Every structure is written in C-alpha cells, then in structure tokens.
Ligand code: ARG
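Given as structure tokens, the chain that follows is alone and in the form predicted alone.
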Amino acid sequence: MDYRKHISQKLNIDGVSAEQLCSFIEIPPNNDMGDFALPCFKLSKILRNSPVKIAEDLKNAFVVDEYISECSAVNGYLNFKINRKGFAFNLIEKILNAGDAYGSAEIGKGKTVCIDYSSINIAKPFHIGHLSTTVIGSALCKIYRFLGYKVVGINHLGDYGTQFGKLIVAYKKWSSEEQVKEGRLKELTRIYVKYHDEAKLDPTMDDMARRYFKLIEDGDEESNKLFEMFKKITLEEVDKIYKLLNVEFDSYAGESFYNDKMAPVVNELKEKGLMKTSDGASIVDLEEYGMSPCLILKSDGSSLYATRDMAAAVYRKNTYNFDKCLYVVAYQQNLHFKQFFKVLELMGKEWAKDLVHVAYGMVSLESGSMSTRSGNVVLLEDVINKTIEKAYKVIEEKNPELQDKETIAKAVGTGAVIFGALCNNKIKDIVFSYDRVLSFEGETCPYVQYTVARCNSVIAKCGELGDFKKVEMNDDEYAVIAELGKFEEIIKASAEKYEPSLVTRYAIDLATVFNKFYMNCKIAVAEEDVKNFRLSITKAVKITLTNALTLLGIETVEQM
C-alpha cells in the first residue's frame, strides 16, 4: 500500500496536484505523532492562509477509511495514523517475500551514473586518508545499483606527474629492482620520503626528476619499464585492501589515460575564445563568476589537473552517456570542481549540470596533517589488521567455543573500519584515533552485526514460521515494524543526498528498537500465534539489517 499516494489523492486540494502533495508528506520523528504528516506551511503561500487554519480545515474535511484510522491537526501539521494491523502484516509479508531485494527499486532503470572515487596515487601507500573516498564511493555504487541504475565505478588513478620522475631518481640512487620487489610499497615509500629529505639539500635533484618524467612522456623504454613496475606493485598491493573492504571498480582509467585526449579540449577552448594568456600560462577567466582563473596550461605548455579532468568528463560522457557523474573527493578541492564544471558549462556542454562534487571531510592525525613526503601516515592495512586482531581477542574472551573465529573476526574487524568511516555526515572532519576505531562499544558495527546474529539464534530456536496474522500488536512490536517500513525511504534519500551515513544511522536505529523488543517480548516460549508473529518480525529485521550492511560493503555473521 502506498500510503502517501492514498492520502494525497484523498485530500484533493485545489491548485495542488496529488503528485506535489505526495512529495510533501513526511514520516514524523516520533511514532506518537502519527505515521505520516503533511506540513501545511508548504501550502500556505498557495492557499493564502495560515498553516494552522489549513491543517484544521483539511482535518475537518478528511474521511477516515480502512487504511487511515485517524487524522488530526497539530500546530500546522496534518497528522495521519494508519490501520496499523493491516500495515504491519502487509509489510512483513512484503519483506519476507522480497528477501535480499527488500528496499530495492527501479527508479534508475535506463539511467547511468558514473562514480569517480578512491583514486589512489601510484607508488604511494594506501593510508587512512583514502578510507573516506573509498567507502563512501563504494557504498554509493551499491546504493545506486540497488535502485536500478547502471553504475560505472571509476578509480581515476594518480599515475601522472613529476613525482614519478622523483621516484626514478630515488630508485636509481638508493634502491634496486630486487629491493622494490621484496619491499613493495613500503620500499617505494621509503625512497620517496628519502628523496624529499635529500632534495632540500640538493635542489638539482628536482631538475633530474623533471627530466625523467619527460622521458616517461616521450616513451623512453627504461623509464616506462620502471613506471610500469611501480604501477603494477601498487595495484597488486591496494587490491588486497579493496578485497577486504568489498570494493570493486569498472574502470582504472587514470590521469595518464587522458594524455592524448586533452588537445581537443584545449583546441575547443581556443576556438570558442575562452582561453587567455596570463604570465605565459593559458587560463579561462572566471572573475565574473566569483572565482580565480582556471589554469589550463602552464607556461611551458604542460597540462594541469583541470585539463585532465575536463578531458575525462568529455570522455565519460561520450563513452557512458551518463545521466549523472559523481566525484567523491575531499572538500579541499571545492574550488577546483567549481572551476572546471563552470568551464565545461561555458564551452556549451549542457551536461555540465550533471557533474556533482560529493565532498567529504578531511582525515588528520592527532599529531597533525598526514603527508606521504614526510612519512607521517597511518597505513589502512595496519588499521584493518589491528581491528581484526582486536575482534579475534574479544571473541576468544566472550565465546571461545565459537566455530570459524578467524572468518568472523575478519568480518567484524573490517566492518568496524567501514562503519566507523560512514557513521557520521560525510562532510565532517575526522581526527583519526585508534581508540575510536577499535572501540566495539555503543553505536558501532559490531552492535549491528551482533543484532543479526541474535536474530539468527532466535530463528534457529523457533523453527518453521506459521501463520502470523492472528494477533493484536503491542507497542514494542509495532515500533520495530514502523522502523522496518522506513528502509525504502532511507535508501532513496541516501542516493538523493549522496549520504551513506543515513544507512548506517538507520541500521543503528533498527538494531536498537529490535533489541528493546527482544528484551521486552518473549519469542520462543510465547503462545503459538504470538511466537509466529514475533518470529516473523525477527526474520524481517534480519533481512533488513543484512541488506543495509551489504549496501555499505559490510558482511554479516551467523554467530558472534
């Protein structure tokens, strides 16, 4: 039953379409207020009356029926209570039948979304600062697919620039093929840090680095062989992390891929009279839009990030014909995205409006900002391994007889890392703390996973589900059902707002209300009809929590 649609059609307000009314109807924050609410201040301008008067008039005209059992007016809100018994039984039946498809939709059918995320740098370690972009982007990919969109996940590799010349200089001075193949990313990080320490004393090293990068660009065999070795090792190492985090990509086309695709963009800017020269560099003047100039080419003719990102956007539109292209990148790059989006718009690319910067907060250490150059980073692999170790110790202490402890500890540990990165609004800055990530107390992923395991235990004890439609509900039972009914809305809202934290928050809320129900309501030893009804609620909670965690890239466990 689509209650919003039913209510909006029954209201029948002159000058307001049923579709518009439907979009206004909300779910109140408190069940006592009702199941649905129409904020009448949204109608005040159209109906030229106060919200309080509009709500009162609509209440007096509304006729309750088999679906809506009560209508009331409170402080400018029109509140509706539904026939809870019919709603509850229908919803549970829907969830049990849908299973792992519950919450999915086809609103994205025929539409394509490109999501640019993670975008690791070749020859640099995968550190805690890369976690947010990786898990936010991965969750958005899963959420959009769940809603029926075709999704193209893109890892826009940082595989272009003078840093590779620096690495070659460092490799030739202080390393070897044998050392790199043995030490892998740790060895590449060691020599990269050493390079920057030494370059402070010998500035000519930067000239050497520029020459080596030019050799890479010019196709020099030896330089490109070293570059490809660095790239292969990096991708092999980070793939281990991606597998742990349940992250996948459809494209690894990085900056170097667009090396031969920038000239058409630059030529088009020239032809349309958008490019100017300033101190030898080529720019697009954006002063009238309140922005500093967008740099297109340096004075030596070399490209910049904006040039490559514009070429990438054009390529993605031509290749995937996206309806939307998301860039999951820290808010520090706000200006960069505003600039190149605006330049594409000025070029006449009407699809520039479909480019979205999904900004998130920065991660710093308690000791300050992270920097690969100075070696001041916390490796993501170390964080994940420590959380898995801690999960294993907790399992050993609390449930030493548990089967397959290693697999469960891995699911709990990696889940804690992902959930911790997604539990707050994405724009919040985070100061990384091992104590916070390693805490399994309170509103955490292990709490949600334990709730799923608790559901499994109840289901195992109770056996087969019988008829569950012969009981009257109490408040604890209905509180769980009302929370279950919000899941579809949460998934749609998380896609619209590019905010996976809505799903993590929902998972905590559902787990909390279920655990209260579990403590207050006997299940396995209740009368047969009551047992069946409560068992059906438990099965619906297990399905919904599993679906929520799966969309975040988190595994559930049968036991904990």
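What you are looking at is a predicted structure, and each value in this text was computed from that prediction instead of being measured. Start at 1 with the first residue shown and count on from there.
In what follows, reference is made to the form predicted in complex with this ligand, a form of this protein that is not presented.
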#### Entry: Candidate from Y305, Y315, Y289, Y331 lying within 4.5 Å of this ligand in the predicted bound form - any heavy atom
Y305
## Note on the structure
Answer key, this ligand contact in the predicted bound form at 4.5 Å (heavy atoms) among S256, N83, S175, S119: the residue is S119
### Task
Although this ligand is absent from this view, report whether H156 comes within 4.5 Å of it in the predicted bound form, heavy atoms only.
yes
### Task
Please check if Y327 has a heavy atom lying within 4.5 Å of any heavy atom of this ligand in the predicted bound form.
yes
### Query
Would Y192 count as touching this ligand in the predicted bound form under a 4.5 Å heavy atom rule?
no
### Query
Even though this ligand is not shown here, does H336 get within 4.5 Å of it in the predicted bound form, heavy atoms only?
yes
#### Entry: Candidate stretches 262-270, 139-147, 218-226, 119-127 - the one whose heavy atoms come within 4.5 Å of this ligand in the predicted bound form
119-127
